[in-house]
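The form predicted alone is given below as one chain in structure tokens.
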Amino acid sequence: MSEEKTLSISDLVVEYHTDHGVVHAVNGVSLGLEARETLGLVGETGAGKTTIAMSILKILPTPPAKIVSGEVKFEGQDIMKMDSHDLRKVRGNKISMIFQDPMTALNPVFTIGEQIAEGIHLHQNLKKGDAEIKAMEMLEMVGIRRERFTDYPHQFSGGMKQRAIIAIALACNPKLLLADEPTTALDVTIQAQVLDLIGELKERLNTAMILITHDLGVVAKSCDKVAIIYAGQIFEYGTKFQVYAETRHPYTQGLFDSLPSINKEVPRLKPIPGLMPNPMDLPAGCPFHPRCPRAMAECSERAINPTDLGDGHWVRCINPIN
């Protein structure tokens, strides 16, 4: 491990200002990532996971998005203070992102090869011909024949499109990879192949990764640390073993209880009651208290600060599971 974290986020607050009101998307998120580590961001739809990832690259649509406060440091440099010129040197070069939908992440009017070679040509100062050769090597690295270099996105299947996106993201050997639900649009067998491919290339290139997913099975397979996100806050954070085997937050337990298990037979799954709160009108105190089976009167009266459980494991709850 390096002494200085690859990524350090402190008190990040992000809002979306709309005609209907202010959406409180991210509410004081802090986390860190070491070199070569993989962190899983887990939570329901609308929890703020993708907004956190897009904030790291400063690619949020502004307006309506607004980074109200916070610090995002990458290799000691505050990304929030970078101008557009400096950001272009980072995006796609030192930090890359695999977007959720491969169908819309590729430009339909350029060949797959051109889209991979563009970033290599810009960031690695290679001549066009040399960049194309490197792009062909990247295609082969993700399991696509180099002869497909001149094909267009519509000629690729969904799984091949996702492999092409991975090739684009890793073409410049980034220090940090942001993977936003990279297997959502794929069938189960292709999901496994893509996850294995990302893991293999990550190890080969010594890349740190933030993996955004709903799937706790994917996290168990791919991640070193886990952050459980709810209503724009981290509710529980720790190593994979700590979060899975020493679960302390009722929301984390609710996520596990809602999954089928091959080890025990139950008549019905146990979903978390209710729905995510409206981010324009978050409940007072802990935003989970209306759905929480362990809620106390105090939970609705004040903001809940994290409790350090030791060894890097912490939980945002005043009545955690023992």
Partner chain sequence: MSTPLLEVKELSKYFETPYGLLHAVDHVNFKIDRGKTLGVVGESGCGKTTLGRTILHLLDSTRGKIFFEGEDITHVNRKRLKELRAQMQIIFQDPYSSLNPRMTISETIGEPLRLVKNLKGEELSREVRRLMDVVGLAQRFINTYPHELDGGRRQRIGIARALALNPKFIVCDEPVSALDVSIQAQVINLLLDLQDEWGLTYIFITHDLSVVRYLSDEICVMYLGQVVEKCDADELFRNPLHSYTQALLSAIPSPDIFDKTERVLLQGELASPVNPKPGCRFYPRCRNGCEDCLKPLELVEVSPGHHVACHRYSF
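Numbering follows the first chain given and starts at 1. Computed from a prediction, not measured in an experiment: that's the story for all the values here.
This protein has a second form, the form predicted together with the partner chain, left out of what is shown; the following refers to that one.
Q: Out of the stretches listed (124 to 132, 70 to 78, 233 to 241, 203 to 211), which one is close to the partner chain in the predicted complex, meaning heavy atoms within 4.5 Å?
A: Of the stretches listed, the one contacting the partner is 233 to 241.
Q: Within 4.5 Å, heavy atoms only: does Lys66 come near the partner chain in the predicted complex?
A: Contact check for Lys66: no, nothing within 4.5 Å of the partner chain in the predicted complex.
Q: Using a 4.5 Å heavy atom cut-off, state whether Asp86 contacts the partner chain in the predicted complex.
A: Result no; Asp86 lies far from the partner chain in the predicted complex.
Q: Indicate whether Thr150 is a 4.5 Å heavy atom neighbour of the partner chain in the predicted complex.
A: No.
Q: So in the predicted complex, does Ile272 come within 4.5 Å of the partner chain, heavy atom to heavy atom?
A: Looking in the predicted complex, residue contacts with the partner chain include Ile272, since a heavy atom lies within 4.5 Å.
Q: Have a look at Thr111, Gln100, Asn173, Gln193 for me and say which one sits with a heavy atom within 4.5 Å of the partner chain in the predicted complex.
A: Contact with the partner chain in the predicted complex is made by Gln193 alone.
Q: With the partner chain left out of view, which of Val266, Met296, Ala284, Met280 would have a heavy atom within 4.5 Å of it in the predicted complex?
A: Among Val266, Met296, Ala284, Met280, a heavy atom within 4.5 Å of the partner chain in the predicted complex occurs only for Val266.
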